[in-house]
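Only one chain is included here, represented as structure tokens and corresponding to the form predicted on its own.
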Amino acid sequence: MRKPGLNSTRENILQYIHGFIDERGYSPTVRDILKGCDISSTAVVQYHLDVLEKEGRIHRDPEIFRSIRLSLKKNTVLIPILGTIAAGTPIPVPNSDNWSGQATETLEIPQDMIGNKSVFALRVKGQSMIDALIDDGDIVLMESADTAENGEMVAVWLKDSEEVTLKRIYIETDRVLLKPANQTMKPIQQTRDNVEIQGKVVGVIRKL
């Protein structure tokens, strides 16, 4: 049933946003909405989004790409998606689109999924952690941390090559082993002073 005061176009937009987020785990762009709701122009989409925001039905952050989100559901929390991390061959990070100190997208998840941890999210690129049920395109929830126990899955910064990768970490006396969860791939061996832990995995959101 249509809510009082909500016209059919805005109702369609809300339903589209809800379905888009449920299916993909991130928010649609204005052009996504234009195509998905068969609206005549981006200006019309912006008008309806402005109205929905004033009514408190959606929220947007002008500094964040894909920031459209529905008003938070009860017992949920919004976390930032900071970019992409390699689960395979490490990829360059600084000054690129792969990792950013500011969120490019946001993700709404149940509060009890992360408790009171300080959490950010990263999209996974590659299949080196496939045996740990982390596949290409999945989203990993990361707790900010600079230390980890042997065997934990972590995001590590490799200082000499200025790259970041997602692996299980094993710290030994004079070296660090970064092991993939994929029998076809070999561990990465590094000196201890070349490895900086940036976070550890606390959850995974699977791509369906």
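This structure is a prediction, so every number in the text was calculated from the model and none was measured. Note that residue numbering follows the sequence shown and begins at 1.
Not pictured, yet referred to below: the form predicted together with the DNA.
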Review point. In the predicted bound form, does each residue in the set Tyr170, Gln189 and Asn194 place a non-hydrogen atom within 4.5 angstroms of the DNA?
Key: no
(Q) Given that the DNA is not shown alongside this chain, does His48 nevertheless sit within 4.5 Å of it in the predicted bound form, heavy atom to heavy atom? (A) yes
Quick check on Asp160: any heavy atom within 4.5 Å of the DNA in the predicted bound form? no
### Task
Examine Thr29 and determine whether its closest non-hydrogen atom to the DNA in the predicted bound form is within 4.5 angstroms.
yes
Should Arg60 be counted as a contact of the DNA in the predicted bound form, where contact means heavy atoms within 4.5 Å? yes
The one option of Leu177, Ala145, Val44, Leu70 with any heavy atom within 4.5 Å of the DNA in the predicted bound form is Val44
Per contact check vs the DNA in the predicted bound form (non-hydrogen atom within 4.5 angstroms), the hit among 160-168, 137-145, 33-41, 178-186 is 33-41
